[in-house]
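In structure tokens, the next block holds one chain alone, the form predicted on its own.
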């Protein structure tokens, strides 16, 4: 496989609304990101994935775009954006823009014009259908609950919205739509960005009449055209969000021939703590064997055919230390264990803001305190279906997107040092003990554990390119090796809060040297390897 710069990179996702506010309006901004670049440089990341900063009415926190070539008022100006690109570039940090082109805002000029008349030149930029038997064209559902069709009385037709009704889907079959998107992408490429994260990219080839949403027949044709017309040959990082992708799809998206994308986000491991065939809100405990099976499949079956992205968190997911770890007694140990387990694998790691200091889920006092449209719609829908409100809230505490969207916890001053005003969403009350300032004062903090993992990836070819092999071990232990030529690494993690005999097979007789551990004096002999709660060790041998 050709070696690319992004193979060795670590990406840090910023959710600008919740990162750092410099003007006291309670909303994070671009100048706040500029101000915190030294913090990110210290961590060691070299790419920032910037959640959308384009002009937006904020029905879905910026994922509803009204102008792709302007900046959201709350976040600043295009001048601020240019300054961020320049300042980040000086520190060797590239900016990955969030590309949301499955849909726009209903306040985008295209849709405003499209809904005026069936004869509008922009009508075919969106997907319109006549009523069927006086109702919706079919039973397609929105991801945010309810029908995916919205009736527009002005022209007597329905338009498609796979998300909010204020997020009408673009018609990718229209070559004019694609041309406009290529021009917009090249506008940002010309500004010097490092690439694109592509929101719900698997939906671009949808066929709503056949009720096909993901992986439509023309999807890869569109992506190859996008590649040719925009970022192809420009050495940029491109990653697509693909909730339904399997290995064959991932291999096509991230083919090493470079005809489509660098990599995708696949979410098979993310669905392991929900009941099979149900929604994400229908909870079940994670089984470690399931996690081993899924992670191993993606590590081995994509080998040589494509490239993995490695992530536990993002703006749509709950905090990993609350989800798969222990956010109480063993918060530090379990956060470091989860980091070690993931960063030791093959692929490009992604860190979500606050993950590097072990930020946790939040339990807000009332549904009225929540801001996320998906959460609020689900609450209303399930209440109407007769669910117990306490059971609905239990699901929200576990899986709600606002868990990831509470303000970044910078220090122990009011509102966690995020703002001098009133924050747009509640700050997690544990900010007085969990914050960046405290982490930077402690050389044994979660932050510095992440820093060491990032440094190891930059220095160690085996960590980047080594092949993966799962090792047989105690049921509570996740152990694997990486091999690259004569170099060998082993990652051994106790996934739970009890002491276990690791019983790792396959390393007998090897002399193990500890590269990184989350405890003092970790064992270096697999024959007598007792692991403490959430203990994780990265060895070379």
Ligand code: TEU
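As the structure is a prediction and not an experimental result, all values here were calculated from the model. Positions refer to the first chain, counted from 1.
Omitted here: the form predicted in complex with this ligand. The next part is about that form.
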- Task: Heavy atoms, 4.5 Å, this ligand in the model of the complex: which of 453-461, 360-368, 141-149, 107-115 makes the cut? Say which one.
- Result: 141-149
- Which one, 100, 351, 226, 250, lies within 4.5 Å of this ligand in the model of the complex by heavy atoms? 100
- Since exactly one of 197, 449, 161, 206 fits, which has a heavy atom within 4.5 Å of this ligand in the model of the complex? 197
- Message: Residue-level question: is residue 495 within 4.5 Å of this ligand in the model of the complex, judged on heavy atoms?
- Response: no
- Query: Taking the shortest heavy atom distance, is residue 465 within 4.5 Å of this ligand in the model of the complex?
  - Reply: no
- Any chance residue 243 has a heavy atom within 4.5 Å of this ligand in the model of the complex? yes
- Query: How about residue 46: is it within 4.5 Å of this ligand in the model of the complex, going by heavy atoms?
  - Reply: no
- Contacts with this ligand in the model of the complex - residues in 487-502 whose heavy atoms fall within 4.5 Å: none
